[in-house]
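Take a look at this single chain, the form predicted alone, given in structure tokens.
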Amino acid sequence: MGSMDIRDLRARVENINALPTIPGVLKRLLGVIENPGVSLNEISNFISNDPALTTKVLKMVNSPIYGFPGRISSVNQAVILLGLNVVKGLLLGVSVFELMQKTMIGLWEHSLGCAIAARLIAEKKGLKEPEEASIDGLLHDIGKVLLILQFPEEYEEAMRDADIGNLSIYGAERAHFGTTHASVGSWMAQKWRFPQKLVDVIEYHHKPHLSKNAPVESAIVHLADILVRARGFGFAGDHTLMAVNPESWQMLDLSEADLRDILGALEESLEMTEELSL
């Protein structure tokens, strides 16, 4: 597998919606979000025409992941509050929920935990749109789902190697595929026309110091990933814990009191999130 041409691998991943295992709603959604001219109204109608999707979206926007003070009772209200890019990311997140549950047990919980932690860190740093950090956290590992869907046996081998050798799944993926979930996720984020900042966060959440377009956001998700792994919430494909990148740590410049606040709020939100079943 390691000798597979990266261009062939990328072509197969980018053609993911041709797989028979992709749910119909996700196929239709990918068609919508790949349209460069899609409007908020079209997105809103797409959600409203699917009662199950409507329920999932409203559950998510009223959960601790977003932290809106009042209850959001309609899709239109959610779409207006969150904006096009956040709604696109949220839709993708809830649409891959079942796939995450089936492909890697614990990955959905890990992603939710990262979404909350990223928002809390973004709020502490005074970012203007902390809900965008939630989407960064929710989707940072989307490449794992894509690799598992297209190469299930090979990915299982990579996870087994990571487990036996006490390796990171990131390293095991590179050995098996010649690339990682970070790059695979960023290819698709580009194809789905997500903002360049989100593409960067997905690509560089393991190496945030290399991000040119979103160094702060990449550092936030990098730290959120480590905090959630250290807390033992969910499962991200291995049992290792990477060190915090020193440059990113310096950039975030969080005090001990900041960290205590973030960890306290994270713990409270995680308890509430355990009850969040889509």
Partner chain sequence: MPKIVPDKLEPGMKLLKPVKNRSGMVLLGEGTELTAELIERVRDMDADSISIQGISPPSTPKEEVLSALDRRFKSIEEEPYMGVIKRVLKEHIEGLYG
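Just so it is clear, the model here is predicted, and its values are computed rather than measured. Positions refer to the first chain, counted from 1.
Another form exists, predicted together with its partner chain; not displayed. Remarks below refer to it.
- The partner is not drawn, yet in the predicted bound form one stretch among 212-220, 242-250, 48-56, 32-40 has residues with heavy atoms inside 4.5 Å of its partner chain: 242-250.
- Using a 4.5 angstroms limit between non-hydrogen atoms, R28 is distant from its partner chain in the predicted bound form.
- Although the partner is absent here, V61 sits far enough away that none of its heavy atoms falls within 4.5 Å of its partner chain in the predicted bound form.
- The shortest heavy atom separation between L263 and its partner chain in the predicted bound form is within 4.5 Å.
- Of the heavy atoms in M272, some are within 4.5 Å of its partner chain in the predicted bound form.
- Looking at 205-231, the residues that come within 4.5 Å of its partner chain in the predicted bound form, counting any heavy atom, are L223, I226, L227, R229, A230, R231.
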